[in-house]
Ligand SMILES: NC(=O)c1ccc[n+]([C@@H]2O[C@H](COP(=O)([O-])OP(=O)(O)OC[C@H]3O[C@@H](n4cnc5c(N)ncnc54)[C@H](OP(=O)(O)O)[C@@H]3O)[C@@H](O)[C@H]2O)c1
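In the block that follows, a single chain appears as structure tokens, in the form predicted alone.
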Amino acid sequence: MKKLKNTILVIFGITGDLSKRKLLPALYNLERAGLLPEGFRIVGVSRKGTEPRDIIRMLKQSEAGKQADCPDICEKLEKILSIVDMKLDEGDTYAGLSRELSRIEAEAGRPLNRLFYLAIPASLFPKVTERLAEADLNMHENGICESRYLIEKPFGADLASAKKLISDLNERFGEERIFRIDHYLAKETVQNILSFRFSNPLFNGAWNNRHISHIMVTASESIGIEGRTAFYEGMGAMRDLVQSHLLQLLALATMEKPKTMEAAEIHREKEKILAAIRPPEPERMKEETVRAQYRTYRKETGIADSLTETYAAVRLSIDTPEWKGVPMFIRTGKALKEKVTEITVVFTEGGAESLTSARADAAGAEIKRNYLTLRIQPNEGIAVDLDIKKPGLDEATQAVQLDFCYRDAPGFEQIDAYARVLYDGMRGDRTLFATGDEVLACWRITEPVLRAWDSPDFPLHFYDNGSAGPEAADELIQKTGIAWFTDSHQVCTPPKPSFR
């Protein structure tokens, strides 16, 4: 990676949980790798009279802060950090931020790029961005001093609010300066999806409905909502993960090859495939979607009649010749047996047509399948499950797995997702960020499901904490003659220690 242009990073919400868990460790890792620009400065926005030493104390309490070189790196970060006290809902207090940015630039003797990171509740976006759009803060001249805006999801609560948010931001800054963060897209395996697909003729030529019977996207978490009732009650699993992260993963797994690997071409193909993804028809919602809640959720939240889903599963289709007849299954949930995020592509002789015969045999015992798994977390890697002949004189076969595990790659050094987010924001690379059209396409896919779930007669299933999820989700996929992968399918699992 190359050195970046001089930049001021302005973090709104620098004392918040996201800053403590992700942003400060990411800055630590970038400095440790020598990737922060010369003259780099950090300005934290706080309303609590915070001092730089308080922020560094937060960093030292993180995993990064426990490293042996923390004292030197933390000292460097403290020297380039300043704090501006502000009330985000009071426009006149932004003058203090303007003065601080001008002071830093005067000290540097030249204009600097400004990267504004809005780690704040979405309800504050309108007020904050309205003030940031004014001339004293919105300093932008291509190639000289550029202002960019990093925004965390949620990008709206529904299609209408997303349209309003995108329209307002585009009017104030322009789409090319908005960086909508989906940290899943910055994970190493996700970045590798396109390279893997399009650089290997073995898979590229078979990536269609003639060879693939179905695709499964899973994001399960072993933790619950961890006390975040106010956030999660208004969100739910469908809005939290399916509408954003998981549809983005599905788009990368099914999009056409872009003309070039430039950001604009990649986003063009993603937007095309997202526009072709179809939710279930209204009359099929109960058969092809599942919403569920882990059993202790209502007790945890104190909301005895909560209908918020902590688990969502849905069957989608893609209206293109390449994917006609191939069901796309997405599932996500909290308080499940294991933490895993992965994409599984199932290759079958006959492709999508093989599912017709599989329905006659629910176990699919006579259907030969190969599984390609892109494991995003944990134990990142890529695995292919194959059948080969067993050693010996008979013709029996056995299942084997060929894998590439990042942890075993020579010289591999993991780049933290948020470090990549900050690095790409500083260099203006929008490849790993969601465009406005992608966001709207994802809402068009999920909103019909959410609307169906608002019906008072739509079932809410329950599942035990620490289980694999609700039985209804198993039934959803079994109707097609197939099954979800379970924790028995291991990918890049670290070997257990041996004792002698």
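Residue indices: 1-based, along the sequence shown. Given the structure is predicted, the values throughout are model-derived calculations rather than measurements.
Although it is not shown, the form predicted together with the named molecule is what the next lines describe.
Colleague: Among 217-225, 146-154, 387-395, 298-306, which stretch has residues with heavy atoms no more than 4.5 Å from the named molecule in the model of the complex?
Modeller: Only one stretch passes the 4.5 Å heavy-atom test: 146-154.
Colleague: With a 4.5 Å heavy atom cut-off, would you call L18 a contact of the named molecule in the model of the complex?
Modeller: Taking the distances in the model of the complex, the answer for L18 is yes, it comes within 4.5 Å of the named molecule.
Colleague: Is there a heavy atom of G481 lying 4.5 Å or less from a heavy atom of the named molecule in the model of the complex?
Modeller: No, no contact at 4.5 Å.
Colleague: Using 4.5 Å between non-hydrogen atoms, is R110 touching the named molecule in the model of the complex?
Modeller: Answer no; every heavy atom of R110 is more than 4.5 Å from the named molecule in the model of the complex.
Colleague: Applying a 4.5 Å heavy atom distance criterion, does N29 contact the named molecule in the model of the complex?
Modeller: Outside the cut-off, so no.
Colleague: Pick from I178, L159, I277, M86: which residue has any heavy atom within 4.5 angstroms of the named molecule in the model of the complex?
Modeller: It is M86 that has a heavy atom within 4.5 Å of the partner.
Colleague: Note which of G428, G91, P126, P121 lies within 4.5 Å of the named molecule in the model of the complex, where distance is taken over heavy atoms; exactly one does.
Modeller: If I apply the 4.5 Å criterion carefully, the residue I get is P121.
Colleague: For the stretch 449-470, which residues lie within 4.5 Å of the named molecule in the model of the complex by non-hydrogen atom distance?
Modeller: The stretch 449-470, when checked against the named molecule in the model of the complex, contributes no residue at the 4.5 Å heavy-atom cut-off.
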